[in-house]
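Just one chain is shown here, as structure tokens, and it is the form predicted alone.
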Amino acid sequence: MSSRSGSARDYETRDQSHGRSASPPVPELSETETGGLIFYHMDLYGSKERFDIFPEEPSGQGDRSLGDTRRESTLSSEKVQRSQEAGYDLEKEVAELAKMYGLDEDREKELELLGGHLEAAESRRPRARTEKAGSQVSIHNASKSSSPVKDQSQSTKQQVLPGEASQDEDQSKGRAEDEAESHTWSREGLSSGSILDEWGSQAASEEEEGADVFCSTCKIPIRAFDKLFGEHKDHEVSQLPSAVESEKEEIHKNMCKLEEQIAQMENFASHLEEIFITVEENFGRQEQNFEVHYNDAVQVLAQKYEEQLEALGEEKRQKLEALYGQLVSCGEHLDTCKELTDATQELYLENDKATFMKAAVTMVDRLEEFLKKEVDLELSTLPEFEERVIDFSEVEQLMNSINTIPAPCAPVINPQAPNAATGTSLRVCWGLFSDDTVQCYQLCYKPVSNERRSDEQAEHTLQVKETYCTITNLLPNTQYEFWVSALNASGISPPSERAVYVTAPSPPIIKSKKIRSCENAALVCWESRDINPVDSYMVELSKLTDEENGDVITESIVGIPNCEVLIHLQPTQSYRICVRALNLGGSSERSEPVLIHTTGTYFCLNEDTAHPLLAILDDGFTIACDQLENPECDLPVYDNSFTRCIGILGSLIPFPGKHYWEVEVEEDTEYRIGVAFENTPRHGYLGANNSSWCMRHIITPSRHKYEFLHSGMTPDIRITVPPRRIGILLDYENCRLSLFNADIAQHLYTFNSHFQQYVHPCFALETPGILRIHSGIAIPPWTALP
């Protein structure tokens, strides 16, 4: 032990004599701390200078010369100087070592030391700190019994001590480690002080940082450190950006409410101003009326006149004072609303999140308190004056001959305004362009009829106080005639000019069975429920996705004159389509929606073309025939029905491009399937003329025979595998009609013909059986032909 300690002290003396300024100062050891171990400052174990602490040769060579030790110290000093000249990054090296040895994982446990648990934490894992290279306290045993580095993969950041091990070294290895451990924890005061200094500086730097979380309990922004160790430890917190967004949303809602209240108050203030003016006008009329009639009897009625005029003036004063007070209150309330709005907008533009959150809480409370106040929107007084009956016994005859109020003039009815009608209601407006006093209005209306006896239509009469009225329970898409008269105590005015209003149409009815579609278009048909014609139609489209429910209108097609429209769509999508009818009165409600899928070609069967023996099942795509004894039977036949061939046409496919559908057949059923023109003869067979192309299946005693007919001609083709599901590909652009065995993806035959017009799918049964038709199928890739 004496040789080891002497060697270590000699090394320390040589190192200090050369003045190694690049290395941190090495604390001097007391006599009780010696014993072959040297303790270095903890900051040395995160830098490259730590390599210079250990001698280049094995520590077991205790008889090294003083010159060798000096040369090693000189070389170490030169290495340190070269590392400083090369711009060595000490912090980067410390970070790499911390990451390599997992010191980042100890961060949470080190934070516990700040709470006064330093000794308890260190006592629970003392060996873990001595085993981690690059930790806060390291031990260097200068003697020969130092343990070698075990993991060669970690030696890239440490200098390995070369040397040969002996049996004596192996035996003394355990004792040296125990002794080193005891000296390490005896120096706990030094290392703990360094750790606390480092943590203290880090905590101070964190305090200088801005708040990054929001305390929902205290309603203030705080730092995350305060949540972990401060007074907000048990409070509910949230991220500052999310809290800002939440507060902004709350403020936005309150601002919307405030804007609604502002608009409401402005409208009410405007209404008050109008009433204010009306009171003035009514007063002027009343005063003028009294003056005109009382001048004829001024000598007799002078005293009564003054009394009536004074009473009328008092009533006016009371009304105006009440209205003025209410108007002032309304103005104050409106000013407060605008002031809150301006303050809220300024706060909303605040960029500093912490400042915003501090002010937002107060502003939200202020807004909520203000919005809780009830606003009186009722008139404090009515503009009408009290009826004053002039009745004097001494001048009874004179007063009875005086009309205090003249009969009003005829009102003027306004023409129909846009969007003033629904399918069952109309809003009618009129005006009175005179100073006459009016108690009420009499509104009359009746439906307009094109018949000669239009005057016999029932008339309806309503009495209203305002200059507008909404009439309900009307017929859709119907014209009505309106006229109005004004009434007061003296009588009724002449009627106004008559005005014609029209109600909005009824919602159309979409013919879902008539809809045809393909991958990029759809033909939608509907019918009107109104007797009278409408001006136009509007189609509204909503694209359906996983995120949307289809209620948002993505496209509108307007100005459609007829009851059908061809719509261009996107492939492999689903659409919800509604139709509205429009006239001068406005638009109708939406029709019942229909769903259209653009995954393939959709069509329906035309029942008007079906043979009487052919039945269409409930699904609308399965045809069946039970008997064939007398195909030319006496059953009722429509003008467009097949009479000889027990067949049916599908709806027209009016879209260019490719169209694909499949037909499921039974092996023991004879049938014909293909396409045909609209004018294909109904008294003939499919494929027997130049207006139809079809595949025919015949069962012979020897085999299943398949014919591909057009104009009665067929090629000689043998099919070995009877198809159970036949695919039909119609290609307008390449003038092809191809048929496939869909079960095995086998091409059967292709008609090459120039289709001069659009065609219908066609189907026929020649023996009892059924055919199941499948439309809306995407074109399979194996249908591609060279």
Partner chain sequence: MALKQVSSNKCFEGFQKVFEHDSAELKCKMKFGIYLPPKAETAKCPVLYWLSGLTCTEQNFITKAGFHQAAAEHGLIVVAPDTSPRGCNIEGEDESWDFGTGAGFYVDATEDPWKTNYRMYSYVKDELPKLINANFPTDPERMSVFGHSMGGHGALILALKNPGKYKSVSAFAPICNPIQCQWGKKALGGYLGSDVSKWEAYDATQLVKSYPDSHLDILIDQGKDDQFLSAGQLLPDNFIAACTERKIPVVFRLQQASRFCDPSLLGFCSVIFGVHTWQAVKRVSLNGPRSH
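Residue numbers count along the first chain shown, from 1. Computed from a predicted model, the values in this text were never measured in an experiment.
What comes next is about the form predicted in complex with its partner chain, which is not displayed.
- Not displayed here, its partner chain is kept clear of C735 by more than 4.5 Å at the level of heavy atoms in the model of the complex.
- Contact annotation for D716: at least one heavy atom lies within 4.5 Å of its partner chain in the model of the complex.
- Not displayed here, its partner chain is kept clear of E527 by more than 4.5 Å at the level of heavy atoms in the model of the complex.
- By the criterion of a heavy atom within 4.5 Å, E662 is counted among the residues contacting its partner chain in the model of the complex.
- For the candidate spot formed by L426, H460 and N473, no residue has a non-hydrogen atom within 4.5 angstroms of its partner chain in the model of the complex.
- Residues of 713 to 751 lying near its partner chain in the model of the complex, listed in sequence order, are D716, I717, R718, I719, T720, V721, P722, R725, F740, A742, D743, I744, A745, Q746, H747, L748, the criterion being any heavy atom within 4.5 Å.
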